[in-house]
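Starting off, we have a lone chain in the form predicted alone, written out as C-alpha cells.
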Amino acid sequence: MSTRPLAGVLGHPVAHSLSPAIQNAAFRAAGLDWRYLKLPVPPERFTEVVRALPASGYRGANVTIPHKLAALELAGEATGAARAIGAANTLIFRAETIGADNTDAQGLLEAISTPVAGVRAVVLGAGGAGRAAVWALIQAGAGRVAVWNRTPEKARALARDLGAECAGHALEGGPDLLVNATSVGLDPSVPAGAALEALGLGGSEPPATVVDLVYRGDGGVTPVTAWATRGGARTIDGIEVLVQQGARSFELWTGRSAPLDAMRAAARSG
C-alpha cells in the first residue's frame, strides 16, 4: 500500500483528461504530498477496480464517461444531490465505506457565474453529465429546462425522472441557454460540420449563452464552442466547468479550500 495519498480519474476513454494536471497543481499549491493519476477502466472492470483502490492508497476519485451511473450504484453512501441526479462524479474512500457525490451540478453553475433563474434552457445529452446539468438548472430556478438526446427514449426518461421537458430538437422553443452534455466534439477526427449535424445545430444560430462540457486535451476548440463563438454567443467551455467541479472534489477529499487560480492556470496550459 502506498504511503502517499492518491486520487485519480476513472473513465473509458480517459487519455484526454486534464484532471491530473489540474489536481496535481492544486495539491502542490496547497502544500499536499498527494498524487493524481489517470485510471482507464472499461465498464466490465469498474466495480472490481474501484473496490481495490483504497487498499492501494487512494483517498478519492473522479468519475467520467461512461461510469457515473455505476459509481452511484456502487457507493455505500451518497449525498442528496447525487441521489437526486442519479449519477456520481466524485468518490470518497472512507474507512468503512465508499461515499459518492456529484460536483458536476455545482461546477456548472459556478462556471456559468450569472443567475439562471427564469432562463429557458436546453440540455443536449441524457447521460450522467446531462442529468447533473438538468438538475442543477432546475434547482437554480430556470424558467424552462428541456432535454434533447439522439435517442429520444432516453431524453423522455430523464425528463420524467427530474421534472424537465423533452425537446424535439436541439433549439426548440428558442432557448436563452444551451448546454452540450454529450460527447460529440471529443473526437478531433470527426469533421466539425458532422458534429454539429449530429446535435441538430447545423445551420442554426446559437442562443445567448452556450456551455460546452466537452473539451480537448490538445487545446483545440470544439465544434460547439466554435459555432457559438461565430454566432456571437457568450461561451463557457468544458475546461472552466472541469476546474469548478474539480475544485469541489478537491475540497471533499482534502478538507482544504481549493486553489482555483492554480487549477485554472494548469488547465489552460495543459
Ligand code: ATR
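Here, rigid core means the biggest group of C-alpha atoms that superpose within 1.5 Å across both forms. Residue positions are given as counts along the sequence shown, with the first one as 1. Model, not experiment: these values are computed from the prediction.
The next section is about a form of this same protein that is not shown, the form predicted in complex with this ligand.
Checked against this ligand in the predicted complex, the residues Pro188, Gly86, Gly99, Gly127 give one hit for a heavy atom within 4.5 Å, which is Gly127. When this ligand is considered in the predicted complex, only one residue from Ala121, Ala105, Leu91, Ala181 comes within 4.5 Å through any heavy atom, namely Ala181. When contacts are judged by a 4.5 Å heavy atom cut-off, Lys154 counts as touching this ligand in the predicted complex.
Interface membership of Ala192, defined by any non-hydrogen atom within 4.5 Å of this ligand in the predicted complex, is ruled out. In the predicted complex, no heavy atom of Cys166 sits within 4.5 Å of this ligand. The closest non-hydrogen atom of Arg150 lies within 4.5 Å of this ligand in the predicted complex.
Only one of 166-174, 91-99, 106-114, 128-136 lies within 4.5 Å of this ligand in the predicted complex by heavy atoms, and it is 128-136.
The rigid-core alignment places the CA of Thr222 less than 2 Å apart between the shown form and the other one.
After superposing the rigid core, the C-alpha of Thr64 moves by 2 Å or more between the shown form and the other one.
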